[in-house]
Structures are given as structure tokens and as C-alpha cells.
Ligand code: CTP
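A single chain, nothing else alongside it, follows as C-alpha cells in the form predicted on its own.
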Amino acid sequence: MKFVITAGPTREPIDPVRFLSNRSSGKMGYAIAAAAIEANHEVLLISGPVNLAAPAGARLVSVITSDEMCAAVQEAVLDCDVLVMCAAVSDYKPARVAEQKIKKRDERFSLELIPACDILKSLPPSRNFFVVGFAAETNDVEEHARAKLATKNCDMMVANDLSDPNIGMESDENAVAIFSRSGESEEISRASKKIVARALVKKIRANAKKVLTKKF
């Protein structure tokens, strides 16, 4: 199968030296890419700024902003079997980017934000590839994940609980819950992201083959 996997954060510029971002390290997305290669799948890895080496065998596309990631995904899905949207794409970006560094002043400063590109919602509703979304939540994890599964038109949603500081973002370990369009759910217990990634790739492949039977 041809996997397109997104990983890491995006950075939304405020001025030439400042940006909005998040705590995503890219470790989970890179682990999924490595696991997919290990399982003999073809991998295109679309990555935001991270301090990680791309897995051997992956074709890497480096991006910075949400708009760049959206454009890269739109091109990549023209020829893929599975899209795994593991990246922590910014929800908002500055309405305007200052051309020069904004100087510090002894007064309040307001930054107007506008919605960033919603990559999952931008995908065509009718498609011939399997879509896996990720939901990083701090509360009501299952409720939010199932809602996102429906509103983002995904085939599968992988959720993790960010209220536990020992797993998820920046950690080497993770624990996730998987929700499918059919209503089924499954949990992968806390383990290294490498082990979680291997389990995820097996689950994704099995479910994708059911949905994409005409392609295999």
C-alpha cells in the first residue's frame, strides 16, 4: 500500500522572528512511518519542523505552515491508498504577518487570528483512499473523537488523552483509542510509540483493505 503520513507541528508566522505553534514533537508520526516501511509499505512523509531524522526508505516532504502542509497533502493524495493525518496542524494563524519584527512596547498587544486550513475537511467527500485522523484531547476524549470522525469524514479516528503528561506530545510513549466508521472501538495500551505505531499500522491496513477491496 502507498501511505501518506503527516507528522509534527506547523508554524504560523507572526513576524520574521516569531510564530504560533504547539508542542508536537513528530515522534508518533515518524514512528508510524517507520512501522509502515517495516511492513513493506511505500511511505511519503509530510513533516512540519521537527528534530528527527526521517525513517530510512521514506520519501520526505518538509513543510512549515498549515497552508504548505495542506498543499502537500492535496497533491500526495492523488496517488495513495492510505492517508494518516498524525500532524498537529495549527487551528488558527495570524490574520496578518508583519514584514518587520514587532517591537516591544509598554502597552497591550492584540493578535487577530483566523482559522487555518482544515486539511481533513478539504479532502473530496468521494475518494479511493482510506483516511485516518488523529484527535489529541484533554477531556471527553471519546465524545470528541467520535464527533471528529463524523464531521471530518474520516474512516478511522485515533485519539489520545493529553491530560496525562506522561504520554502523547513530546513523550516517547503513547496510549490510544481507535474509533471506526462502523462504530467499533479498540484501545492500544500504554507502550513506546514504536510499539503503538506497529499496532496501528496493522489495524489501518486491515481496515483499509476492507474499504478499498476494489483496489486490491
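The numbering used is simple: start at 1 and walk along the sequence shown. Quantities reported herein were computed from a predicted structural model and do not represent experimental measurements.
Not pictured, yet referred to below: the form predicted together with ligand CTP.
The shortest heavy atom separation between E143 and ligand CTP in the predicted bound form exceeds 4.5 Å. Interface membership of E75, defined by any non-hydrogen atom within 4.5 Å of ligand CTP in the predicted bound form, is ruled out.
Among residues of the shown chain, D79 is not one whose heavy atoms approach ligand CTP to within 4.5 Å in the predicted bound form. Although the partner is absent from this view, H41 stays clear of ligand CTP in the predicted bound form, with no non-hydrogen atom inside 4.5 angstroms.
Contact with ligand CTP in the predicted bound form holds for none of M28, L52 and P55, as no heavy atom of theirs lies within 4.5 Å. Stretch 147 to 155 is the answer when you ask which of 31 to 39, 170 to 178, 147 to 155, 56 to 64 has residues with heavy atoms within 4.5 Å of ligand CTP in the predicted bound form. Annotation for 108 to 136: interface residues with ligand CTP in the predicted bound form are C117, D118, I119, L120, G133, F134, A135, A136 [heavy atom within 4.5 Å].
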